[in-house]
Structure formats: structure tokens, C-alpha cells
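Below sits a lone chain in C-alpha cells, taken as the form predicted on its own.
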């Protein structure tokens, strides 16, 4: 029987989505993610070779200029390869604007216990509207 842990969060971009967690300790530049597969291409990135497609992407922050960030995320979404939701520690204005424009639920300010319990592959639900993140155990 699956147990669920619910954590409070802060809504940035509205919506509700769920999926398998993809945890990255590195900031992400969506321009360096293959828009056809969702696979992170950036050399040396801790998520290199893994796909963001259909995942709840958990990472510190975005990186890169507004053009490359927004364009990269746009092409991922256009091809159906983007993340279902995003959880960030340090939201930046470019990432926030891109998530809102593309309708991707985005939250921050999740309790540290969430990060201690989390691992890639765990199922996570982001309810930005209800300001909760649920981790299935």
C-alpha cells in the first residue's frame, strides 16, 4: 500500500500535474535539452543522458539567457517532450515567465524534508493551485 507525504509549497505558475521525479542538483538550460526526446545534452550536467519528458523536474534554477531558456522550453513543449511540472529552489524571472506562458505548473519553497526523502523515480504530484507537493512513498 502506497503512503503519501504532503508538503506545503509556494505557487508560481498555476496548475496540477504528476509524474516520476527527475532530480537534478545542477541548474538547467533548456536550450541544451533535445527537443525531440527531452534528453539533457549538456556535457557534465548531472542529468546528462536522462529525459525530462513527462517528468516532474526538480532542480535549483534555470540558466541561460531569456531567449535560449524560453525557446528551449517552448520547443520541448511543442514536441510533447517537456516536463509535466517543475519544482525549483531559486526561481528566476525567465523561468517563471516561460512556465506561465507555457502553462507548466511551477512551485518553490518546499520543505527541506521533501528533498531529504526524494529520489529520482519517485512519483510526485504538484498541485500549485492548492500549494502542495505530494510524494508517494
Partner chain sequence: MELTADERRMLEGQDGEGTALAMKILVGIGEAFRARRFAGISRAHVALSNQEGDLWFAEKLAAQGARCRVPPTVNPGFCLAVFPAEGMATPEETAMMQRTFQAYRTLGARLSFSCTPYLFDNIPRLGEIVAFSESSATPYVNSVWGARSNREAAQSALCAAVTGVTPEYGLLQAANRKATVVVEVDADLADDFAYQLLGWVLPKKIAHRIPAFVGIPGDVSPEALMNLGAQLNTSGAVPMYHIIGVTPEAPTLEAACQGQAPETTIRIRQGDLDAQLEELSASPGPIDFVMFGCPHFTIRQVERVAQRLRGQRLKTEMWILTSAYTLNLARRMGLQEAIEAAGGRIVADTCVDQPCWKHLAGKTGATDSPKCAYYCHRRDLRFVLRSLDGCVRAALKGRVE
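Residue numbers count along the first chain shown, from 1. What you see is a predicted model; the values in this text were computed from it and never measured.
Not pictured, yet referred to below: the form predicted in complex with its partner chain.
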Practice item. Given its partner chain in the predicted bound form, answer whether the residues 23, 51 and 77 all have a heavy atom inside 4.5 Å of it. Key: no
Practice item. Indicate whether its partner chain has at least one heavy atom within 4.5 Å of a heavy atom of residue 70 in the predicted bound form. Key: yes
Review point. According to a 4.5 angstroms non-hydrogen atom cut-off, is residue 81 in contact with its partner chain in the predicted bound form?
Key: no
Review point. Any chance residue 123 has a heavy atom within 4.5 Å of its partner chain in the predicted bound form?
Key: no
Practice item. Decide whether residue 12 counts as a contact residue for its partner chain in the predicted bound form under a heavy atom distance cut-off of 4.5 Å. Key: yes
Review point. In sequence order, which positions of 73-96 have a non-hydrogen atom within 4.5 Å of its partner chain in the predicted bound form?
Key: 74, 75, 78, 90, 91, 92, 93, 94, 96
